[in-house]
Structures are given as structure tokens and as C-alpha cells.
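First comes one chain, alone, set out as C-alpha cells in the form predicted on its own.
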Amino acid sequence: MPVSVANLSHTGMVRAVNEDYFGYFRIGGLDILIIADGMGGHRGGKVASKIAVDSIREYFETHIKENHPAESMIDESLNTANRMIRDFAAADPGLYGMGATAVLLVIRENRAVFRHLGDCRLYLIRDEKIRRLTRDHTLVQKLLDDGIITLAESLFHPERNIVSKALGGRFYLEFDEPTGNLELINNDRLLMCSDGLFDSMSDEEILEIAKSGDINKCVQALVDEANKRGGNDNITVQIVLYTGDKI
């Protein structure tokens, strides 16, 4: 198989509950990977992230035979997850306000297509260099973009966890345009993670651990390092290794 995947989720050293949830599914020739980071309290966040992953998997299982382009299936599956989370929250007062940030990746042959909402990230590691493929939907990212704060200030900003986009928030999702799209080449690594990883490690530090070697060991080492640095949040990581020839 041209795609190998390693993944791991950990509660961290501070939180009592893991509100992250992830999935990796191979459906109809597509490799589908998602990480969802729940919001809305211990109960609500955990429920929202699981709904996100489960509803996206069910969407692809139902619609894959229709031969839709990956881009449209990604958008439709995320919209489905958004509605499901909102419906569950409306039916249970204890779940009011729950939601989830997410990153969704679909690989077909040598093409990777992706979307994200909030601050779950996707990185490309190629030729021992790392490039962030997603841009956080957060207040701090906007302050950075507007030149109001510096990168150093952003790392310790008291409102760095405030997100502007998430599943379960607004009735209609607003996506970045265009959909993320990448042609993969041999030995590319795609790294997906929740903010529990990069809140404690720089991109360069992530690269040093993940750029080579067995991907299962890399995933374990990343989680271990984040926990060594305090483990202040849930930590979820998935690494994809592409070993197919360029088409």
C-alpha cells in the first residue's frame, strides 16, 4: 500500500478527560483521516468530537459510490457533522454550546485534499523540511496577521485558544477557499495534530522528531515530548507516510 498511517491520542498530564477524537478509514479507494478537538466542557467536548468523526465516516461510507470529487465530499461531510453536533446540542441542555475544531484529510492515489476548522493543524514534511498547510482560525492568528502582536507574543497570549471557526457553532460553515490540495511525492509525510502538540513545541521541534524513522515511534515520541513539557492539553497526532511513486 502506498499509504501507511500511525496515530495516537493521549489525555495529557493535566486534563481529566480526553476531548480529542480521531479516525482513519479506508473507504472505496480513499484514505480518510480526521482529528477533532472537542469544546464545551468535559461531557460536551467529548461528545462533539466523537460525533464529528463518526458522522464523517458514515457520510463517506454512504456516498463514496456516487463518485463525487473529494473536495465536495469533504465539504458535505463537514456540513453533515456540523448539523449533527447542533442537533444533539439542541436536544440535550447539558450539551449546549458544544463544538469541535477539526482537520480532515482525504488521499486518493497521489493526491491529498484537506480542510480544517479552528486550530487543528496539518503539516507536510518533505526533504527534511516542514511546512504548515493550514492556517489557524483563531483570534491570535488574526492579531498576528494584522501586525498587532508578534510571533513571540502569540505563544503566550492569554486568548490564544479562542477559535473563530468550529463544527457545531454557526448554522452554515464558512470554509477557506480554495480547498487544500497537494500532489504527493515519494516519502512525503503528512502530520495532523490537535493543539495539545504544537502549544508546547515549535514547528522545527516537531520536525526533528517526525522527519525520519518508523512513524509509529515518531508519533509516540511526539506525544511523550509534549507530556514532558507539561501535557497541559489533550494531545492527538496522526502521521501519514506516502511511499507511492509520483504519477
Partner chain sequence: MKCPKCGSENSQDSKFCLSCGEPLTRKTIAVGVIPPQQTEEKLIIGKNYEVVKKLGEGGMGVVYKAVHNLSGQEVAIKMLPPELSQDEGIRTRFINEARLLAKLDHPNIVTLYNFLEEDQKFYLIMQFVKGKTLEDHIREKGKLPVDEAVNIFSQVCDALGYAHELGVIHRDIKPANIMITPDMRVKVMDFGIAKLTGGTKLTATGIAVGTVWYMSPEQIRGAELDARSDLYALGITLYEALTGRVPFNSESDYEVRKSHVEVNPPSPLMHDSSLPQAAETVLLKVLSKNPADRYQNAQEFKKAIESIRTSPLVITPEYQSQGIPTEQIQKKSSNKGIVIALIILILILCGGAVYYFLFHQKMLAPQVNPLRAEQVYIPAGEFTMGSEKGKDDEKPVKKVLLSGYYIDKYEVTNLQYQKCVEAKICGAPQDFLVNKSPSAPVVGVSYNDAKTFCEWAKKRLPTEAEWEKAASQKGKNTEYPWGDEKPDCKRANFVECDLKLKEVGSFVSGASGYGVMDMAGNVAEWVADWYDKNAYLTMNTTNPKGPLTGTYRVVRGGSFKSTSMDLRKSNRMYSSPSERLMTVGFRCARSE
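Predicted, not measured: the structure shown is a model, and the values here were computed from it. Positions refer to the first chain, counted from 1.
Just so it is clear, the following notes concern the form predicted in complex with its partner chain, a form of the same protein that is not shown.
S.K.: Of these, 163, 133, 73, 125, which has a heavy atom no more than 4.5 Å from its partner chain in the predicted bound form?
M.R.: So the residue touching its partner chain in the predicted bound form, by this definition, is 163.
S.K.: So which of 203 to 211, 178 to 186, 31 to 39, 46 to 54 is the stretch with heavy atoms within 4.5 Å of its partner chain in the predicted bound form?
M.R.: In the other structure, the partner sits against 31 to 39.
S.K.: Does at least one non-hydrogen atom of residue 90 fall within 4.5 angstroms of its partner chain in the predicted bound form?
M.R.: Answer yes; at least one heavy atom of residue 90 falls within 4.5 Å of its partner chain in the predicted bound form.
S.K.: With a 4.5 Å heavy atom cut-off, would you call residue 15 a contact of its partner chain in the predicted bound form?
M.R.: Taking the distances in the predicted bound form, the answer for residue 15 is yes, it comes within 4.5 Å of its partner chain.
S.K.: Contact between residue 142 and its partner chain in the predicted bound form at 4.5 Å, heavy atoms?
M.R.: Although its partner chain is absent here, residue 142 would touch it in the predicted bound form, with heavy atoms inside 4.5 Å.
S.K.: Verify the contact flag for residue 109: yes if a non-hydrogen atom of it lies within 4.5 Å of a non-hydrogen atom of its partner chain in the predicted bound form, no if not.
M.R.: Residue 109: no contact with its partner chain in the predicted bound form.
S.K.: Within 4.5 Å of its partner chain in the predicted bound form, counting any non-hydrogen atom, which residues from 107 to 129 show up?
M.R.: Counting only heavy atoms within 4.5 Å of its partner chain in the predicted bound form, the single contacting residue of 107 to 129 is 119.
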